[in-house]
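Read the single chain below, which is given as structure tokens and is the form predicted alone.
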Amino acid sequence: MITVTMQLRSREQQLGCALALRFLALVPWGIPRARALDNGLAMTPTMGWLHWERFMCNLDCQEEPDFCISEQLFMQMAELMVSDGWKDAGYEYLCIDDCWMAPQRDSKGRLQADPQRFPGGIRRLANYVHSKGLKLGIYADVGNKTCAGFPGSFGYYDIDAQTFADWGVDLLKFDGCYCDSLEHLAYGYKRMSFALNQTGRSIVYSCEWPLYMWPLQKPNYTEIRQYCNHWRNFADVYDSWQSVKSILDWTSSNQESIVDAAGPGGWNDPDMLVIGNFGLSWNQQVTQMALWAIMAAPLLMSNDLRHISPQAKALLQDKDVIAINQDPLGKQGYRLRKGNNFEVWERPLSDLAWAVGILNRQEIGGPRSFTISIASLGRGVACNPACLITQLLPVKRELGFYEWTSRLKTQINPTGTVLLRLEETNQDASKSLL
């Protein structure tokens, strides 16, 4: 969530970190690594709902009972996820972020939910969510405190993992605030991965490990993938076009480091979908949905499902776009080229298909025409010798058959994206070229 500058705070914490590292050296990490990499979870990007961007750390249930972080909020969202088609569309995880905890642990050292805002505790909420056919996610922090100042998991990794398993939690978002060194950070993320697997419960592990490493050291994504099901790399998303642009720019600038790390069981997480909120125009919402699909990103909405427009709902539930995001080949897409305020992104899909997104970055004027050589797409094989091209966004329509030597012309609104699906018409010819 909120990046906190790491610094050594006390001799006691330094000693604790040293002891932790000594213990880490004694743990047979070969076995837990294999489990964490192959825990059978997140074989396609995780889909669900997460409270943070829309509801943040609103604790005032007296004045704002409908918008505070409470049992009531999550039960209402669970009901809507089923009744309004979100579950059927693939959104199955209902995730609690920061600010659910009581200020102190209980007498046995266990985390506990705030008793006023979660009167039934997390176990009862998990039972309710499960009764709806959904799964429950929860939040904790690798350091001494969460980003909002609630109890952190440092020194409590095993007990917290077991507590979450006992409650019936299905996903853990593990933040990185109030961590005093890179060594402590690495130890904590690895140790919690091991502890979650030791519980015997299937719990998706969502890390923010590389986010907190980047300011100081380039992350080792091969190692991170061995422990995490998805991982945040960059700053929190805000409800603004500037924020979405900055995430796309960071991702494309670092794609050589991160794209190959993604695949079934482990994904780069560019943060939440803010579609259906206040800050993005319609075209910008289309852009976020299209490019999150191409990036094989977890689709974790942060919006108010009680108050969402039919247009935003239809976009978020678009089965063709979700199919690109959830494609079983599990290859993350990348930016192919940029120039003249246009960007072309592409992603290989199963059955030799490709997804192509063309983004108009210009923020002045009207729709602009863009023409591209078909032969330049899909590493030269997407349409060799020909392919069927279907436009999926902003509206679905068949564009027809295109030969390898032809050119495609389209019009794109400012800050908007045209999302295309290219399907082979002669798979044998393409296979010979791969």
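Just so we're clear, the structure is a prediction, and the values are computed from it rather than from any experiment. In case it trips you up, residue 1 is the first one in the sequence shown, and so on.
Note that the form predicted in complex with a small molecule isn't included here; everything after this is about it.
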Do heavy atoms from each of Trp52, Ala148 and Tyr212 fall within 4.5 Å of the small molecule in the model of the complex? yes
Exactly one of Arg347, Lys190, Arg225, Arg232 comes within 4.5 Å of the small molecule in the model of the complex through a heavy atom, and that residue is Arg232
Going by heavy atom distances of 4.5 angstroms or less, which of Glu71, Asp98, Asp160, Asp170 would be at the interface with the small molecule in the model of the complex? Asp98
Looking in the model of the complex, any heavy atom of Tyr139 within 4.5 Å of the small molecule? yes
Interface membership of Asp236, the small molecule in the model of the complex, 4.5 Å heavy atom rule: yes
Only one of these stretches, 253-261, 171-179, 335-343, 113-121, has heavy atoms within 4.5 Å of the small molecule in the model of the complex; which one is it? 171-179
